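The chain that follows stands alone, in the form predicted on its own, written as structure tokens.
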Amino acid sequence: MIADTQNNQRPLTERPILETPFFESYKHLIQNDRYQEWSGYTTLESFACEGQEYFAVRNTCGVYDLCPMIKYDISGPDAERYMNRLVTRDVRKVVPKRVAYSLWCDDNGHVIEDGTVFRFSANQFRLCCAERQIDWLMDSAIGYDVAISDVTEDIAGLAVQGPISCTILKKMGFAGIEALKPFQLQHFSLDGCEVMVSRTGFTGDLGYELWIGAERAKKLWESLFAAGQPYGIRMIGSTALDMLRIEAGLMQVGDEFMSCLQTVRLGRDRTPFELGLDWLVDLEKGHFNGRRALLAARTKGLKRKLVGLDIDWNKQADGALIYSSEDAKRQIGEVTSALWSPTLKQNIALAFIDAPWFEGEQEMWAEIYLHRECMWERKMFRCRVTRKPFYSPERRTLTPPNDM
């Protein structure tokens, strides 16, 4: 039996929901009871008002607790070969001190999950993802000289996002942070403790992610909020983060796709091509999990694809079904995530649309159900495929960022 030494030696099956290393530091900011579980941790849907938290990221600086993010350290003589066999992009092109977004598939070319690959050196990597993947990683490691360690509880993380984020980090003493380019990482010292900073995020805005040993989490939080207090820095919950990532056109496991290891119905698995992630698949790099199936899928063409939608009217199209404009009874797709964008003042959505409607500019109909005064109303509104990301400010990639 595996025991949890931090919870009175109780077995893992009886372990309560965990609090993140930052929870004690920010619990006094919680003004409601909107909690949710993520990877065994207590997280917040919102601290007070999701609208204010959303605008904190777009106008000043918002901070999101990343501790529940699953983190695997992968090292050893075969680490590069192993990672290149695991994920769809060519890891050999990712130089040390860089971060790469990628995904991994089963042998049928269906997506298991997406995540970020941190490369520290020639044979040292860290893989970060939303859900636990240790079984698949260990199975894929057979025949490779690699060590895989789950360091989720050892590493604490904060996403610091928004136009003031770089200014605040410079005020903390992170000299040279303004030279960090998108998807680069660098190590800094904070009162004698090492902090890893990567220019990454899930908001489509200027932002950074800060990583530190869990035992020093309180010190990092205090230093960050002391530096950010004059600028209106604030914690944000997952509802605001979801609004931000939809504007950025970013997909999320559980919304845009289910891991193929969890689906139980035929036809619910997704390939990278269906998710619009062709650029993450390097079919020329040599063999990797799912390569043969993806070669065949590319030849056959797509039956449906994840696209962005611009929808008339101002009501969110959550769960809406999409119909052909030529035949109002023919369903051709469904919305996976939807938002009335506070910044764009536009009704946007991510949706799977059948071929050939995901190409071109032909109009379609979105079937939206509204709950008004205990009554449901069915409304039909015109919609059309539009570009992604919906929102992408210049500051997201500007190096150095403008001083605020």
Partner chain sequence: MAQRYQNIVIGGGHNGLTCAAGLARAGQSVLVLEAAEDIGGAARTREFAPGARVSACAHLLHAMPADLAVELDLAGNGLDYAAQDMRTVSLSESGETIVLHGSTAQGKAVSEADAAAYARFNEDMQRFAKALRPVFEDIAPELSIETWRQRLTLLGLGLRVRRLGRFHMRELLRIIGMNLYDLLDEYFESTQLKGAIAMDALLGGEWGARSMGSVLTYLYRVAGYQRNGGIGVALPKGGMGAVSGALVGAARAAGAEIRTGARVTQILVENDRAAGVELDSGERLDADCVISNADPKQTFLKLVSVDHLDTGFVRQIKNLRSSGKAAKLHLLLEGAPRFKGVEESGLGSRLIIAPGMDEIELAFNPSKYREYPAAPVLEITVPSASDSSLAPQGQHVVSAVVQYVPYDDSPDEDANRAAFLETVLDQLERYAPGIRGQVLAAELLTPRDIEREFGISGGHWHHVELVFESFLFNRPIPALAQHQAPIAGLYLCGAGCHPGGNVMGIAGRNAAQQVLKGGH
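Remember, predicted model here, so these are calculated numbers, not experimental data. Numbering follows the first chain given and starts at 1.
The same protein also exists as the form predicted together with its partner chain; that form is not shown, yet it is the one meant from here on.
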Residue among Gly173, Gly267, Pro77, Gly143 with a heavy atom within 4.5 Å of its partner chain in the model of the complex: Gly143
Among the candidates Ser102, Asn289, Thr271, Thr200, the residue which, in the model of the complex, approaches its partner chain to within 4.5 Å (heavy atoms): Asn289
Which of 190-198, 151-159, 219-227, 134-142 lines the interface with its partner chain in the model of the complex (heavy atom within 4.5 Å): 134-142
Exercise: Asp107 in contact with its partner chain in the model of the complex, heavy atom 4.5 Å: yes
Close approach of Lys285 to its partner chain in the model of the complex, 4.5 Å, heavy atom: no
Residue contact check: Lys315 to its partner chain in the model of the complex, 4.5 Å heavy atom: no
4.5 Å heavy atom contact, Arg85 and its partner chain in the model of the complex: yes
